[in-house]
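Heads up, the chain shows up twice below as structure tokens, two forms, tagged structure 1 and structure 2.
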Structure 1
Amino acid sequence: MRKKFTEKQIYILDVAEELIAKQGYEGTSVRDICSKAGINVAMISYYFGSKEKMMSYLYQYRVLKTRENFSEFADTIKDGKPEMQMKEIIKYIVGQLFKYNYFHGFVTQELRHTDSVKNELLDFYQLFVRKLDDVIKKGVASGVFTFTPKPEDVLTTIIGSTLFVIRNRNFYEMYVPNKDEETYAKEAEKKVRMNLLLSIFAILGYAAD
């Protein structure tokens, strides 16, 4: 059963997420979070039980939101052609990772502690895998795709490449025209998306006509 969060709790989770993504879980003290959030140091234990539980709730909360979001998204593309669906999925995943990079930045790094929680991420990834599987199969059946790469590998390429770009900004920005804080993210996102589109459509043996 999942926890319902109050507005204040959500606010704290947002602050915590940002700091933790920047500084790491251990590198972010409860005092940091509370100070930035303008609340009492005792509040995190008070609201969430402990720092670690807060982390768990933060995780839960973001997964929940992302699931809901993905459902909505899946709906919007359900009637499209496979190649369009694939293109939209790539765009969606890349976009979400860039938008919530705070979250995804720590999700695989900081959750060393809570194994239970990892299963939720698993379920979540499998949502994507299943969706990709559908699209690939449908495309192959309709003849628009030639090959059938494993959906988990396609997902791996999408998420892996995007996270690498996000986490290695000082590397990737050398190849991105605009480097100022505001536009970099947009340019980088575009570049990695283009790369993934080419790469994945190539491996699918997409026969554009």
Structure 2
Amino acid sequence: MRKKFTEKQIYILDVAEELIAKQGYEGTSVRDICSKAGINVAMISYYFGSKEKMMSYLYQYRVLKTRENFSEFADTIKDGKPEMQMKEIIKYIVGQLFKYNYFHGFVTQELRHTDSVKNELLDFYQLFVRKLDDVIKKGVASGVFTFTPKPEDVLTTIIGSTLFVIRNRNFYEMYVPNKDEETYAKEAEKKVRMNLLLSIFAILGYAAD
């Protein structure tokens, strides 16, 4: 990971993320974070400025870590067939959005558009677009894919569909069989992933043998 955070900041951010994942943003206080991290409350101000600013740091940190993980993931599938790579990329993106779905409870439009976070997201999205473009072109060249949709449109479809489900559980859970808290996310993620596979492969003109 690029050197953007000190070891102490990373430690505090990891603790904060763990608590927020369990308790939610509103249910996690600065004192909770400090108690778990074994630090003084003043350290949050010293390292981040405020709880709100710490969230901006945390979002940026998560984007950086996920970007690093995706680069490693992309390297592991680079020799696979285009259809396999596309399937794995869809699975990866959907999985990451569901895994870190708690971010959508506190990441406001204002926070997402601060310069630091905005730039990190832009670089991150472009990384996905370049990989999708590479897979689409290889698929067309090999005759596996018939059509060449724009990679940015494919990414928009994947992220947009997944975020809609995450943000509208009261609607989507009507169509998911297992509705208890423990299994809902797993079943919803599976349903979204399967729908995206059908949609994306359709616009690529791919038909399995």
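Reference numbering: structure 1, starting with residue 1. We call the rigid core whatever largest set of C-alpha positions still superposes within 1.5 Å between the two forms. Every value quoted in this text rests on a predicted model; they were computed, and no experiment measured them.
> Given that just one of these two is the form predicted alone, which number is it?
Only structure 2 fits here, because that chain is the form predicted alone.
> If you fit the C-alpha atoms of each rigid part, what angle in whole degrees does the small part swing through between structures 1 and 2?
About the larger part, the smaller one turns by 33 degrees.
> Superpose on the rigid core and then read off how far the CA of Q9 has moved between structures 1 and 2, in Å.
Q9 is displaced by 3.4 Å at its C-alpha.
> Report, to one decimal in Å, how far the Cα of G27 moves between structures 1 and 2 once the rigid core is superposed.
Rounded to one decimal, the shift is 10.5 Å.
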